[in-house]
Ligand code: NAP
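Only one chain is given next, in structure tokens, and it is the form predicted alone.
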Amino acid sequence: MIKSQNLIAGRWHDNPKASTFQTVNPKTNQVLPTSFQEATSEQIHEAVAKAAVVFDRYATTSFSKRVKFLKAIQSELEAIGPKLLKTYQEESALPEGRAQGEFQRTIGQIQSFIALLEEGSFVQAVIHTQGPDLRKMLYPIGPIGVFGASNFPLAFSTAGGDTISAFAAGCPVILKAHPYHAGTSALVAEAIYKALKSSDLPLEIFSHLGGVSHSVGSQLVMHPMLKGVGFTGSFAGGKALHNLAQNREEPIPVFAEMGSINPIFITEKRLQTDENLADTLAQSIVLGSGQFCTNPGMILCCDSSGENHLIKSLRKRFNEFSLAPMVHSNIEKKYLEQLKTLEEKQTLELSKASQSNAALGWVTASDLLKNQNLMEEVFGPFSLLVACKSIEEMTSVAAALPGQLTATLLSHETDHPKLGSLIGKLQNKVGRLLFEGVPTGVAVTQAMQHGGPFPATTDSRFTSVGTDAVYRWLRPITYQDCPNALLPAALQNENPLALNRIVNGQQTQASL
């Protein structure tokens, strides 16, 4: 039985007077049976206020206790795997393979943060004993509001990277479930609740809020005891939350991953020699019905011949695809509206696939530079092909681009001496710069940077993927001339956690 109530500070609240909502199967358009309760203002306040009360206790909890908690979450999720994946598919219409892959990614993310806590050096302990005794480390910032993502019901939602990284940092989490996969979210929330009960930690460090109304999220962000926000979604949604947070009496950070067109730049020599290029690009554009934040929404081709062979090949391949429905009706509606707007533009040529909603646009670089609104994201199975006459023209487009999560430069080795200026422009625009392959698919490793200059994200210094995501929820604090017994374990003379620390400029695990 899926919980329809809100989980508030360790207690399931049943509110018979609450407004309710249901999820819909995008494949059948059938309304699913569970009626979920909308969180009230009182419940939102209680969730944040009680998280703030227990914050000090959780912030100083040992890494080993946090490890036990994360392992318990992993075990509880694995125990409900079949039921969870069934609900995931009903609410998203995503295929079984995608569901299994995202489930394993969610488990893998938890394992990576377990390893991070077991090693412990992420707190970046620095000790200086010459002069005043100064000892610095990273410390959690407080209760965090996390918003579930519509296109990743598991890996970027209730037990996704934002939540698990916040728990690893020592921060309580108030989760705002995405209403279009509320059942999936509720099942995961119950797994986290059960894990908490078995971990000897305060139950108040996790709450789960439901709601269709934007008011639930707005009230959460505006609560004076909330200290940070994690969000993955549209530019409009992320920017609205960011603006709310900055207009509070005490502004707080919002780490929002928003829109990105992830441009791919292809040199003429690569265009002529890569026989697999059209297939690779076509598969990337339509992967997951185009519902990846790293979907290649723009492809720039250097083609002095003007023959446009690539777009002809892509059109042919697009007509062979039969795509699954998009994860919910609002995404599909917005996508189709954007295609209709593009059709009306005289500078752009649009072609639609015969068996799906996949589409391709074609425009010259000179027209694109005159109509830079064409650089806005179209979230779905769409890409805009841009015909460039030279590497110099591609460089001009790169200079005009807004911030992106990724950019890809596909070239031939004979092109390398001519690419310096283009690379220079691109590395100022992106968080990840690829030189082979396509941007879809994000490796969950410490070396991954999943973030980029605005408007891709609200803070390009941080990542939402990989263990470095933990640094969003930490801040530095220095203890000066503090008695050893009063120091956090990470800074004590004995180094009881056996951390790698910087002591008087030297990295060491030795005690003082």
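Residue numbers here begin at 1 and follow the sequence given. Source: prediction; values computed, not measured.
A second form of this protein, the form predicted together with this ligand, is not displayed here; the remarks below concern that form.
Stretch 147-155 is the contacting one of 147-155, 425-433, 78-86, 263-271, since its residues have non-hydrogen atoms within 4.5 Å of this ligand in the predicted complex. None of F318, F113, F379, F122 but one reaches within 4.5 angstroms of this ligand in the predicted complex through a heavy atom, and that residue is F379.
Just one of H214, K340, K418, K370 comes within 4.5 Å of this ligand in the predicted complex, counting any heavy atom, and that one is H214.
Shown alone here, E257 lies within 4.5 Å of this ligand in the predicted complex, counting heavy atoms only. Proximity of P179 to this ligand in the predicted complex: non-hydrogen atoms within 4.5 Å are present.
Within 4.5 Å of any heavy atom of this ligand in the predicted complex lies no heavy atom of P140. Using a 4.5 Å cutoff between non-hydrogen atoms, T406 does not count as a contact of this ligand in the predicted complex. Against this ligand in the predicted complex, the set F63, A159 and V173 makes no contact: no member has a heavy atom within 4.5 Å. Residues of 192-206 placing a heavy atom within 4.5 Å of this ligand in the predicted complex: none.
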